[in-house]
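As a starting point, one isolated chain is supplied in structure tokens, in the form predicted on its own.
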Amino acid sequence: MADREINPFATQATWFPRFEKGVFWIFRLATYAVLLSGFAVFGTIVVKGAGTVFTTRAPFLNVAFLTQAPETLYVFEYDGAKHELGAKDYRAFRETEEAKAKAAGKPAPKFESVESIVYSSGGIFPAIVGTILLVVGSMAIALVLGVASAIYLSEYAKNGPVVRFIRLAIINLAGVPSIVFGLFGYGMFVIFLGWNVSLLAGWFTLAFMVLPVVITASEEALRAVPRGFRDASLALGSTKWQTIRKAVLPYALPGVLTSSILGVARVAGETAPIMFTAAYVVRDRLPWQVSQVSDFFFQGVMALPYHIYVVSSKIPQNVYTERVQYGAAFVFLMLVAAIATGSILLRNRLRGRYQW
């Protein structure tokens, strides 16, 4: 009788639920550890970088840091006081003090404990401009080529061995390290095509690097558009291209912009490709300061990822270089976030306009 009263559907007491719960907590704690590490890294960049970018006086922005080119910082003692001046101000200060001493008939002034620290004065404006140009140009090329390829694979190509091989190659290219793309761009665009270290070489190298992501996401967005849209358009007498342009692409644009968001995040943060193809450590002129329009495309630029790499690893580290490192990293994060936010807002606007 007691055996009959036992519920056959009751959960049996075994070791497996306890083991499953333990594994769950391990995964949970690992996730929290990753999140805390991310918050610690980005929090450090935000706190220290904000101290460089923002000031306590109006206009509450370090305008020089955001609008000037990088300079060598001179730290020295003169007349019992410690001075920190950029290269231009330092030369002007020395000339002024020497002129005053000469006019007064005194010996030349002595500047004690003069220390020079490269790239630790001035600002990062040329690097900001170069980063924006590299991101916008490479994403424009990647979106044109990627969407065109996705349209062919999704709407025109027949699903045969060749098309399957192409899709497999695209997936494999998405996992290729960025340094390989940098070497490819250096060999193809810089040397073989003779473009040298230039914006054009950087654009195509970065575009090819992000192209697999754009093609895959764009093709998925095109396939997500209902088949009925195509059939209705063709039934009304539209051609294949008119159907794609009017009845498919507008509804796939939010997905295409999603791929652009992913592409911006990768393109903006890569150092190896631009180091081989587009970036200079220091460049005196801004990209538009050229004699001919064609020279604009065949010149190298400064870029924030490469600038951060240089000031973080190629020069002696001290409190002065730390300000530049965290300030440049903070501006870089804000710049990428602004571009990605713009893409998200545009995507949401298009998604609200084209709904089915």
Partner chain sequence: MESTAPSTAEASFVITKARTRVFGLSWDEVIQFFFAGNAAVAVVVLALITIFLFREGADFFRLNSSQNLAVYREAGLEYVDIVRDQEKDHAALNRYLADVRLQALKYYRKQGLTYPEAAAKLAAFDDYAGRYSDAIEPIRSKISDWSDFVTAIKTKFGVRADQLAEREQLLAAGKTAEAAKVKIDVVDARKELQPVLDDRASYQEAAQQAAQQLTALARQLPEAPTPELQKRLQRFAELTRQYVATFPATEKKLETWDATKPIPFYVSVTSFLFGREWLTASFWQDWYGILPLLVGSLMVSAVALVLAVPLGVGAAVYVNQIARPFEQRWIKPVIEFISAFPSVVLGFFGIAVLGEALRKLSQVPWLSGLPGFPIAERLNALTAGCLLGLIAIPTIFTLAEDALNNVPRSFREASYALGASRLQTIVKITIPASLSGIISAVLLGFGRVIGETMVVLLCAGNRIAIPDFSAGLGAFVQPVHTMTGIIAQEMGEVVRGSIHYRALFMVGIVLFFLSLLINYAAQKIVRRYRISGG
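Residue numbers count along the first chain shown, from 1. The structure presented is a predicted model; accordingly, all values stated were derived computationally and were not measured.
Another form, the form predicted in complex with its partner chain, is not on view; read the next lines as being about it.
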query: Residue stretch of 279-287, 98-106, 266-274, 120-128 approaching its partner chain in the predicted bound form, non-hydrogen atom distance within 4.5 Å; finding: 266-274
query: The unique member of 223, 83, 88, 240 whose heavy atoms fall within 4.5 Å of its partner chain in the predicted bound form; finding: 240
query: Among the candidates 312, 67, 318, 55, the residue which, in the predicted bound form, approaches its partner chain to within 4.5 Å (heavy atoms); finding: 312
query: Contact test in the predicted bound form: residue 181 vs its partner chain, heavy atoms, 4.5 Å; finding: yes
query: Close approach of residue 63 to its partner chain in the predicted bound form, 4.5 Å, heavy atom; finding: no
query: Its partner chain contact in the predicted bound form: residue 113, any heavy atom under 4.5 Å; finding: no
query: Residue 151, heavy atom within 4.5 angstroms of its partner chain in the predicted bound form; finding: yes
query: Residues of stretch 301-336 in contact with its partner chain in the predicted bound form (4.5 Å, non-hydrogen atom); finding: 305, 308, 309, 312, 313, 317, 325, 326, 329, 332, 333, 336
query: Closer or farther: C-alpha pair residue 246/residue 344 in the predicted bound form, relative to this form, given a change of 3 Å or more; finding: farther
query: Direction of Cα pair change residue 344-residue 36 in the predicted bound form, magnitude 3 angstroms or more; finding: closer
